[in-house]
Structure formats: structure tokens, C-alpha cells
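One chain comes next, on its own, written as C-alpha cells: the form predicted alone.
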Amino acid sequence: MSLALRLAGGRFRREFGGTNPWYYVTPAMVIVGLLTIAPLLYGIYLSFTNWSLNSSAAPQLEGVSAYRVVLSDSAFWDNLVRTIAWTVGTVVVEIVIAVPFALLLNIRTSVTGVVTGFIMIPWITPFVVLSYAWLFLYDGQSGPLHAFMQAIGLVGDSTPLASPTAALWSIILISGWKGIPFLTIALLATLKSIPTELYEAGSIDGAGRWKSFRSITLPLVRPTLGAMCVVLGVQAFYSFDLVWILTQGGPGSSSTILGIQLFQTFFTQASPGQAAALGTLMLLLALVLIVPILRATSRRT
């Protein structure tokens, strides 16, 4: 009897103990499915209900009526344009500053390690703390950043967050500033992995700094840059908290993006069906934008 148990136990360990990686991955996949895929599928289901808490206590399938309501609303298209401008602007600010910053930090100096550690502060700072800090900086009476911008003629007497033409762009600068450390560290890690032999070979062939950057550095960091831009772009595309704390979509609707519209549709208008339809449209749009970006940045020259 004991021999049979030992043989059965050995067979169990061989089959389920440590050879097949799926036995280790499956529990995590189940958790991901329960926490991510199941709510996603439920949200897609709700998008075909046009459920309103003001008229019904339970959702009922009604086809694509919720999508018709969302797509026929002119505010959706205005908010979509602002969201695209918000997303592209955020990523552009991050790239323009993070790329040269990573190149500088890749040069070993006595302060490089200290600076590399401190640049993560904006990234790890909670949005609430960050938002109220920038509210002070932009304040029309005592904000130091507002005083500087006023001195060079960029703004008037009031905070730019109160201007219909400047509010969105002022928040874009904050959003980009927060994402700069994440992109910088990712690019710096990639730069550290590039073999120095490539640059030595390039210098022997007569390549200067610009040609080495264009022919060696840029092709090797392009996949990382593309992947990080997708991550940061998706984060900006679905943003809500930063804009809500600073302007709540105002003045008027000048800084209302799709994340704000989704929040207002669900909580203010009490329309989970239309909110789910809007969320599904945002998901499809994000997928349409992500695929060509990844393809373009993954090509090596």
C-alpha cells in the first residue's frame, strides 16, 4: 500500500509539480480574468443596454441605441478632439524632455546617481498632492510660475487654468511633466544596455556624435521609446483625476476630455449604459491608435 502511494505521489509531482509552467501561471491568469476580463465583458454588455438609473432598476438589452446617443452628441466629438490633443501633447512633452535628459544621465558624473534618484519624485507623487501643488504654482495672486509667465507675456492677471484657451494646455504641461521620469528611466536603462563597441566601431568609421546617435542610438532605443509612449499615451488617454481636480473640465467645457465625460455620464446623468458605450468606444479608439504606433516604432533602420 505504501509503495503504491509513493508511486502515485511521484507521478503527481512529475505531472503537476514543477515541469509545466502553466501550473504556475494559471492561478495568476484566473485572478486577471476575474479582475480585468470579466468587468470588461460586463461593460461591453452594458453598452448594449442604454441602461438609465432614472428609468429602470435593471439593465435590458436594447441593441446599439446607447452608441447612437453617444455618437449623435456633438459634445462627444468636441471632447474626442480635446482628448487626442491632450494625449498627443502629453506624449510630445515627455519625449522632448525625456530623450535629451536620458542622454545626459547616461554620461557618468559625480551627480548622475543622485539626479537619477530625484527625478522619480514627480512620478511617485500622488495626483492629489501634485494637483494642489500646481494649483499654487498657477495661482493668479501668489503663484511663482504664474508670475514668471506673466512677466514674459504668456498669461494675464488671472490663472491660466481660468482661461478657456489656456486651461487645457496648462494641464498638458503638468501631465507631461509627471510622465517624464518614467520615460527617462526606461530610456536610460536601454542606453546602458547598448554595447560601447558599437560606438567605438562607429568612431573608427568616422561617425560623429550626431551620426552615432542617428545610426546607433536611435534605432536601438526606438522599440523602448515606442512601447513607453504607448503606455504613457494610454494612461493620458484614460486620464480623469488630474483634469478633474484642477478644472473639473472647465472653464465651460474647454478642458473636458472623454474621461471627464464618462464620469459625468455615469454619476451625474446616472446612465451606466451610455457610460459603458462611451468606455467601449474609447477602448476601440485606443486599440486603433496603438497598433500603428507600435508597428512604426518597432521597425529598425
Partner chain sequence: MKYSRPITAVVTILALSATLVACSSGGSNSGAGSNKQTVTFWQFNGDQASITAYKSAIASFEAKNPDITVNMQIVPWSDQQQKITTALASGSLPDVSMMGNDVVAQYAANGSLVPLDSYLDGWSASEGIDVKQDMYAGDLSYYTYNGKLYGAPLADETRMLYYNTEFFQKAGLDPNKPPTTWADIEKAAVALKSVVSVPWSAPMSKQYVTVQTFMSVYLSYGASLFDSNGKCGLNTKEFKDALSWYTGLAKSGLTSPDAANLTANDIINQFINGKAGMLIEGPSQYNAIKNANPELFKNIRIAPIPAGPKGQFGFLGGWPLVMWNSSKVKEAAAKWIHFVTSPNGALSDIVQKVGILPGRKSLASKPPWTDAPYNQFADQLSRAYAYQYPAGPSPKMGEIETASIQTAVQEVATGALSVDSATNQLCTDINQILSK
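Residue numbers count along the first chain shown, from 1. Bear in mind that the values here come from a model prediction, so they are computed numbers and not experimental data.
The discussion below concerns the form predicted together with the partner chain, not included here.
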Would you confirm whether the three residues L53, D157 and A162 all fall within 4.5 Å of the partner chain in the predicted complex, going by non-hydrogen atoms?
-> yes
Proximity to the partner chain in the predicted complex, single hit among T36, T26, Q60, S65 (heavy atom within 4.5 Å) = T26
Report yes if any heavy atom of T49 sits within 4.5 Å of a heavy atom of the partner chain in the predicted complex; otherwise report no.
-> no
Answer with yes or no whether V32 is in contact with the partner chain in the predicted complex, where contact means some heavy atom within 4.5 Å.
-> no
Is there a non-hydrogen atom of F263 within 4.5 angstroms of a non-hydrogen atom of the partner chain in the predicted complex?
-> yes
Flag G140 as yes or no: does it have a non-hydrogen atom within 4.5 angstroms of any non-hydrogen atom of the partner chain in the predicted complex?
-> yes
Tell me which of 111-119, 221-229, 132-140, 207-215 has residues with heavy atoms within 4.5 angstroms of the partner chain in the predicted complex?
-> 132-140
